[in-house]
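In the block that follows, a single chain appears as structure tokens, in the form predicted on its own.
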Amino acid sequence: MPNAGPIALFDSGEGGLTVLRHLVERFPQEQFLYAADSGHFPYGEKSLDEVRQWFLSFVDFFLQKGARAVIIACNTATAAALPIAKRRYDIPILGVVEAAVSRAVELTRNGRVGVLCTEATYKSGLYPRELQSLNPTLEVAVKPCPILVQMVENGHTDGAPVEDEVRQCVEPVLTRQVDTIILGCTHFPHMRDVFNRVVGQEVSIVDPGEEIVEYLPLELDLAQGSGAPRPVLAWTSGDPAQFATVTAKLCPQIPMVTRPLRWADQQLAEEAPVLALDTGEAERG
């Protein structure tokens, strides 16, 4: 049933806002929750066991908030925890990887696909495994790009320094003659304009956030309608002031209330709201 509960999104930081932005644009009447484990950022440098433990704690938190589904808007957390989360919880737990992989397999013309991701996602082998499960003949070139994640977290998504780093990240993949590139970290679509300039028109770019928008209605009955989006309730385990500032820069069109979380004995503890970019309806909800 639509509106039987909010849809929650999780990421290690602000990267998952690229997914949230697409969802809010398409389904503005849905209630979305967003949580960032910024206190443990960056996930790409952490072990998959640690990431799994943290993510499962966030799912428990979302269930306390009445979430009817959780989207893992983080490729590293998807690699670490998606199978066990699907077994453990009764609500749908959805990753962004499946939709992105399906689209890349459809788009490639020469059977060569590039993936840009975090170090942890690279080590997990997630993307080559998923891509080749759909087409065993694919050649997959994977490149970890941790510096780009940090740049987005600091609010840097364009300009000469960003373009230089994107070029250094992309060039080794392009030398493998790929014709399709998956932005295998949800931070990277914040730099989509830069990627478009660097890659050119001959290479297709797959944004997992765009793909999950098409995939989600297959899994959930969603509220339809247009108009102003419902305010998003957001939490961060990091600095709420920094999170709210960067969020306002990256997604100024989304009204959002930011609330702090703290880790205590490996459990999440919610604190009183301290920042509200648009309180109104969200605070009353």
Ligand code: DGL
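Don't overthink the numbering: it's just position in the shown sequence, from 1. Values in this document were obtained by computation on a predicted structure and should not be read as measured data.
In what follows, reference is made to the form predicted together with the named molecule, a form of this protein that is not presented.
Here the chain stands by itself, but in the predicted bound form one stretch of 179-187, 83-91, 160-168, 134-142, 179-187, has heavy atoms within 4.5 Å of the named molecule. Proximity to the named molecule in the predicted bound form, defined as a heavy atom within 4.5 Å, holds among F62, W54, F27, F41 only for F41. Using a 4.5 angstroms threshold between heavy atoms, C74 counts as touching the named molecule in the predicted bound form.
Under a 4.5 angstroms non-hydrogen atom cutoff, the named molecule in the predicted bound form lacks V113 among its neighbouring residues. Shown alone here, V149 lies within 4.5 Å of the named molecule in the predicted bound form, counting heavy atoms only. Contacts between 117-138 and the named molecule, taken as any heavy atom within 4.5 Å in the predicted bound form, involve T118, T121.
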